[in-house]
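Take a look at this single chain in structure tokens; it is the form predicted on its own.
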Amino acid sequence: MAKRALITGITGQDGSYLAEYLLDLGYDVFGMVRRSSTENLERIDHIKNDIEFMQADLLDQASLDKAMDTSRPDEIYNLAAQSFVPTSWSQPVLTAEFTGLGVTRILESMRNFAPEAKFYQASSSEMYGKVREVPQNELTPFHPRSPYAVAKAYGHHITVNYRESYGLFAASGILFNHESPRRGREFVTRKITDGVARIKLGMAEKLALGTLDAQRDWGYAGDYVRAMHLMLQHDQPDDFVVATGQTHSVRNFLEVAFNHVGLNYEDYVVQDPRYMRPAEVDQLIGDNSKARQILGWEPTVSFEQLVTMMVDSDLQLLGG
């Protein structure tokens, strides 16, 4: 019998890549979607007929229980969250509900309806925040610097707590920044590649950004969903950093993206104080040695390949 996977956040970047990956492996895939007036299935439009959708919401326990009871999953991937850091400043309570308490609700649902299942929690490198050591590993202390990161830290710890308290197979992937052509346009990486494409095609003249000096460990989302799956195939539930181990600044990202279309970023980029965070996270870089050694995982797409892939995709989308 085919394995059954329940994915929350299936319409997002990671959810779409994970759904594709699991379908290719022969899984029956159940996707949790919130009831909304405009169903945004854009990222999974090409596979939507292969997915069984279930209406449920991380804010509503009864709907989660019903989805869990109906799908009876072997594996649960909790990718749903209010995941945009700037929004967490303007909607901190809602962010805490979705990104923090939502994890507890789905773990409760699993405990009551699918206790034999394996659970994956999408933790985030943003939890490290004001970093205590470089690079960051599974034991590095957290110092979250945004309401989003605080909520993610709660979700991470409650996952560990349910694993230790109830013996559930609950694993967390501490994923560093991972991007793709399916990244939302509100995120700085996609904002850059979309902006580069528009400037190259004569559809825009400038690109407004916040700090250019923040450094991130950027990888490819398609690589990172493989790591999620590997964590649930391991014989013990555990926490793993998923990262490339290399760091680049926003400025580096701009250089590669603009150079790819034969332009100099300095001629087009303007800094706008509106895009500065109240508390900035300066440098994130992950130590992926545990995932390499125990799961046999490693990234396959380089930083330059990732940036140019995204620029080429946006050029194509805009008709270039």
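Numbers for residues come from their place in the sequence shown, where the first is 1. Given the structure is predicted, the values throughout are model-derived calculations rather than measurements.
This next part talks about the form predicted together with a small molecule, which is not shown.
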Of the listed stretches (168-176, 155-163, 231-239, 110-118), which one has a non-hydrogen atom within 4.5 Å of the small molecule in the predicted complex?
168-176
Residues Q136, R292 and F303 are flagged as a possible site; in the predicted complex, is every one of them within 4.5 Å of the small molecule by some non-hydrogen atom?
no
As a check of understanding, the residue in S123, S88, T244, S71 with any heavy atom within 4.5 Å of the small molecule in the predicted complex should be identified as S123
Contact residue in the predicted complex, chosen from V196, A227, I76, A81 - any heavy atom within 4.5 Å of the small molecule:
A81
Do G9 and the small molecule share at least one heavy atom pair within 4.5 Å in the predicted complex?
yes
Any non-hydrogen atom of H260 within 4.5 angstroms of the small molecule in the predicted complex:
no
Interface membership of D57, the small molecule in the predicted complex, 4.5 Å heavy atom rule:
yes
Might N264 be said to contact the small molecule in the predicted complex, defining contact as any heavy atom within 4.5 Å?
no
